[in-house]
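The structure tokens that follow cover one protein chain in two forms, given apart as structure 1 and structure 2.
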Structure 1
């Protein structure tokens, strides 16, 4: 009993303390909810992003024929069943003589099949045009209203469900008609550019990482290089575009246009080529690649190096036979991540001078270029709805390419880490 009396005043009855536990717990729960909701916002946005894209990439279109096939019926035989000669006659009646001569010179009509001529008639004479488009959500939920609408506003039009993204979309070149346009040129441009980037950035980036991790001591020069690399990683990509414009496109034009190698006519030579774009983006991803490769090299255990030196290996033998093989999965993963950064870059390429309209497949590093993101940018900037739809389709292609790159990074990592154990 005396013990109780000895306790300091206020401790037992807690008169000076008011923990207000219930209130604090409530506030804790409330904030936990807020944190969770904030975290979900990111997911909601990702879903909204994908929804927007898919929504625009599919949906109903109202198609109108320039010439009603019914008027092309001759002697009661519908267009689909007409013989080749009559189809040629229809073609001759509807297109100019110049266009006919062009068809003839591409492939003489005697050699063309009936199906070939028929598709020419559909394309050039019947010439279905898209007059209105709807998004996927409207197409699914308000189908009746759309049909009703089309019947009133476009009495001659047919309502067709169109996937703007279809295998054909990948195979077709650019066109000023959205319905005929494809991403073939842009996709090939992106792949060519990637090849240039890998060839340049991979050896240089890995070399720099080896130098900084294995060779560089603590000298001033080396710490300047290291600081410089982290600074470069923070430079906006558009600045790299301006560097590329001034150096690769302008100053090194004879090299980057291919004129130096006699590959193109010097009079029309132009530095705005795949090579310039690739070199520019190689510089852009270099800091990222170096930093990733440095981390991979740093993760190689020191015991491995010591074992190698202990056997009388030189520095390069140690690096080449032991450090690099062990670091390779990490280096490759980092490289692929850097590549997926490059594949999505747009701004520097606009500055370097991506072509606004290229219909020909790129032939090599000295070709004019366009890439997937550039194509998306150009289509997005057009006011017409139809361009919005093919932009969405092109975005899906781009995202699929990125997904493939990242999946291959994961696959590589797993494969190599299994082999090392």
Structure 2
């Protein structure tokens, strides 16, 4: 019996294989180089962004006192060493009675510490003001020239190295003076809004994903719903802002303003509140959350469902006790990433009516509000250099908040993955 070596049809003969293999390898190396260059370009842009932010958040400032501290004392004792009673008297002598009553209503002077009273004296009486600022690179590379210029142009000023991002920057409320401004009000507004988004979007999004994956069959209506959810994920965010303005701010104003619950006078009710902003951004991230939750549920092996049915479990018991716990790490990861996008949004909040200057901290979902992105936008639009410095510090705070959310997503995913293993 003669064996015939038949080569499969379409298989290149040995004479053409080596050149084509070499060409494929060269093509692979070219694409690998392109991907490496793209990665390096992305890293360069990221480093440039971080450098620009950090460069403006630190640097030298030339600071002058409106009132010389030496003129406030008579016995030759430095201002920083005066007892609390004398500091209070200095406040009474240089601050109006209305301001003193406001200080007393916020916290009685008997309960204030000496350091707190001293800070009020420095802020309200000495009133240091910044007359010139420099970025970090100039402060490090041209220190001698800066000192020389300050000595000539601002002879009464004191040159100090200032970190605009300090712990008290997180604790101070907004102010028209950059040196006294902080992000406490904006940070609290972002956190309140984030709480509303999670409470609304998470149960609705997960519930919709469970229905579409586990209960809804293949029909024309469900296909249309699924297509629209995918399309809504790509709608520009400002469209959601217009929707929120029409529905939550105007149509549902009694609810979103708190007038329906008797919290505000209906005649002065205003729907531009944290609740309106939270509901608007909940609609914004809802399609993303549904899609992420569907992918997580779809990744659960079908054998797990079949094993549950084989043991006599119902459809709901299978979903609640087996499918949902297995998909929970992916659902939580997608949820927190969606929340990260919501925290950084600006356009919908501008349309809904976020205030650019709010001096009072939000007390609940029916309060007027501002957020970190809105505050950053407002500061960067100012012509003074000092506002750009505090805007850079606020950007670092926003980035830290986003990194904390992303780290929480990774931690939750790893924790529930180990529990399932």
Partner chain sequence: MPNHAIEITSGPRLLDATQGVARTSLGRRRRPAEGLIQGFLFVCGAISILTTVGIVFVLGKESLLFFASPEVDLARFFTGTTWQPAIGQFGILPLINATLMTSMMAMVVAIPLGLCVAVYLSEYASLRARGILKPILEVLAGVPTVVYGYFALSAMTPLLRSILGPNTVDIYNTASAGIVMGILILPLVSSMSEDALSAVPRSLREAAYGLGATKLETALKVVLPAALSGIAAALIVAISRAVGETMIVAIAAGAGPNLTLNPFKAAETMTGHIVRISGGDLSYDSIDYNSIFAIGLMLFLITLGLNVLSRQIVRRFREVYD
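Numbering follows the first chain given and starts at 1. If you're wondering where the values come from, they're calculated on a predicted model, not measured in any experiment. For the two forms, the rigid core is made up of the largest set of C-alpha atoms that agree within 1.5 Å on superposition.
Of the two forms shown, structure 2 is the one predicted on its own, while structure 1 is not. After superposition on the rigid core, displacement of the C-alpha of residue 154 between structures 1 and 2 stays below 2 Å.
Relative to the superposed rigid core, the position of the CA of residue 180 differs between structures 1 and 2 by less than 2 Å. Once the rigid core is used as the reference frame, the Cα position of residue 167 differs between structures 1 and 2 by less than 2 Å. Lined up on the core, residue 118 has its CA atom moved by 4.2 Å between structures 1 and 2. On rigid-core superposition between structures 1 and 2, the C-alpha of residue 37 is found to move 3.3 angstrom.
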